[in-house]
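Coming up is one lone chain in structure tokens, specifically the form predicted on its own.
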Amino acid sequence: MEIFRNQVVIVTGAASGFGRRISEKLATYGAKIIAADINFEQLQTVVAQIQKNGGQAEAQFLDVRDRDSIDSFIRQTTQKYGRLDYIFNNAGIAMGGETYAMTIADWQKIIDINLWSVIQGTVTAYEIMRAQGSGHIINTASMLGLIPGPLSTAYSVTKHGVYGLSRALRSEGKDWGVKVTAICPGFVKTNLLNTSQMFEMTYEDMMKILPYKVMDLDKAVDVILKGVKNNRDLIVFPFHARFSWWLSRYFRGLLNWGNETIISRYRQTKKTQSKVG
């Protein structure tokens, strides 16, 4: 995709999952990748491989819970390269399980990482891009930012916030030449779920109740970058995400019934396991 050639691109959460694959793919298109993550050792491996393959990339340690560090990182990158063309606010975590088992500290953690970091990254990048008269902000939300996500309630809350931020700011940014896109993927094969913090639930429990087929990561990133290239305001994929979103708008009761059925089956399974144990 020629549109990305020589573009200055920040990607957070770039050591794994979406962030890693987006960085790798954009590097093959000739973009200059500034990859950031708290897992610096793994990030350096990713960047080294990009460079070995002939791409332009550099690694930056970043704890997205530190909003001052996000602000400084974006400004220093812009100063170094003279501009900022794209920022993928992608860093995030997942939490799964019963909401009653979560503490306020758990809520604070996921809100800091999934929502506040995106707000900070967006606000700083928007200021820079507005001044330069161009730029594209891409924020990773989720299908659970479009529909209710029981057994992932806190995650769903943060992703609804990212979706709302992105959609509203897009209208404000248009006259300034700033584009904003929200990515709303369904279930994609990354390490997000199996590294999630679970509450009275295991990764295996989560996979058993998923009524969807998990999408291949490479295919997902191709969809994302094509949507960014075409300046889509909202990138919802795969089919199960689009279909669930459609249900939530036109047949809300049916979607609620489906969610309640999933929860009922999950709780019944846990009761059975408890009796057996």
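In this text, residue numbers run from 1 along the sequence as written. All of these numbers come straight from a predicted model, not from anything done at the bench.
The same protein also exists as the form predicted together with a small molecule; that form is not shown, yet it is the one meant from here on.
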item	value
The small molecule in the predicted complex: contacted by all of F18, T140 and G186, heavy atom 4.5 Å	yes
Contact flag, S152 vs the small molecule in the predicted complex, heavy atom cut 4.5 Å	no
In the predicted complex, S72 touching the small molecule (heavy atom, 4.5 Å)	no
Contact of V64 with the small molecule in the predicted complex (heavy atom, 4.5 Å)	yes
Contact label in the predicted complex: Q51 to the small molecule, heavy atom within 4.5 Å	no
The small molecule: the contacting residue among V157, I113, L169, M198 in the predicted complex [heavy atom, 4.5 Å]	I113
Which of 100 to 108, 174 to 182, 86 to 94, 130 to 138 lines the interface with the small molecule in the predicted complex (heavy atom within 4.5 Å)	86 to 94
